[in-house]
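First comes one chain, alone, set out as C-alpha cells in the form predicted on its own.
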C-alpha cells in the first residue's frame, strides 16, 4: 500500500511538473507545420516565472472574489486531477462515483472564472462568460454519456462491485484493449474524449487561444482583466486541465503494463498534445453557431458506442 501511495505521489509530482510543457509541444508542432522556428519549448515556464514576478493591476469595479477566483480554479482542477489514476496507479482518494466529484470540481473552477469575469462589469468578459457557460453545459452530458459506456463495459465483464463506477478502474488501463474482445465501437471513445478536450480547454475548432479579437474569444476574453500572479495561476490551471483530459485519453489507450505502461502513458499524453497542434494547424475556428453541431456530433458518437456495446 505504501509503495503504491508513494508511486502515485511521484506520478502526481511529475504531472504537476510537466503539465506546462504540453503548451510548448503544441506551439512547436504548429510552428513546424507552418515552417517557422516558433517559441521555445519551455516558453510556458518562462511566462509563469515572469508573471509571478510582476505586480497586479486590479480594476476598482471588482471585489474580493475576483482576486480569489484564480486560486479557487487551480485548487479545484488540482483536486480533480488527484482523483485520476496516473501512470497506471490508482488514486488513493478513489471511491465509487468519484467521476461525479471530478466533473463538478471542474465545474466549480469554471464557475469561479465565470463569476470573476462578470464581476469586472465588462460587456466583453460577460459575453465570453456566457459562451463558456453555454458550451460547458452542452459538453457535460457528453462526458457523462461516455462514462456510462465505460461503466456498462465493466459491468458486462462481471465487475459488479462499486469500483465499476470509479475513475481508477475506468481509466486505469483495464478498459484499454477491450475492443479486442470484439467491441470495436469502443475505439471511438478516445475520439469522444479528445473532442471533449478541445471543447473544455477552449482549443480550435471551438476557440482560438492565440486570438486577441474580443468578439471571437471565449476563455481568453474572460481573463483580460487578470494580470501578474493571478494570471500565472490561471495559466497553470489551464495546463493542469489540459493534462487532466489528456490523461483520460491515455487511460483509454494504454493498458496496465507496469513501468512500461507508465512510460507509454506519458508518451500518449504528449502525442495528444501533438494531435492538438496538428488540428490547430489544419483547420480554423468554427463559427459559434457551428460549435453546437460539433458538440452534437461528439454526443451522437458517444450514443452510438453505448447502443452498439449494449447490442452485443
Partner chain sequence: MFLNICLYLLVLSNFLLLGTARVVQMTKYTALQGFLLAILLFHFGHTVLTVAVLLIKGLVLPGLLWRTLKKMPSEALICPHRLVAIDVIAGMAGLAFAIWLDGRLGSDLTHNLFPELFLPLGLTTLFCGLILIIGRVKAITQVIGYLAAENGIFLLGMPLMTQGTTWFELALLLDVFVAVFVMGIAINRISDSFASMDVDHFRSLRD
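Remember, predicted model here, so these are calculated numbers, not experimental data. Positions refer to the first chain, counted from 1.
From this point on, the text means the form predicted together with the partner chain, which you will not see here.
- At the 4.5 Å threshold, heavy atoms of residue 4 stay clear of the partner chain in the predicted complex, well away from it.
- A residue is said to contact a partner when one of its heavy atoms sits within 4.5 Å of a partner heavy atom; residue 220 fails this definition for the partner chain in the predicted complex, lying far away.
- Residue 18 falls outside the set of residues with a heavy atom inside 4.5 Å of the partner chain in the predicted complex.
- The closest non-hydrogen atom of residue 185 lies within 4.5 Å of the partner chain in the predicted complex.
- Although the partner chain is omitted here, in the predicted complex all of 290, 300 and 304 have a heavy atom within 4.5 Å of it.
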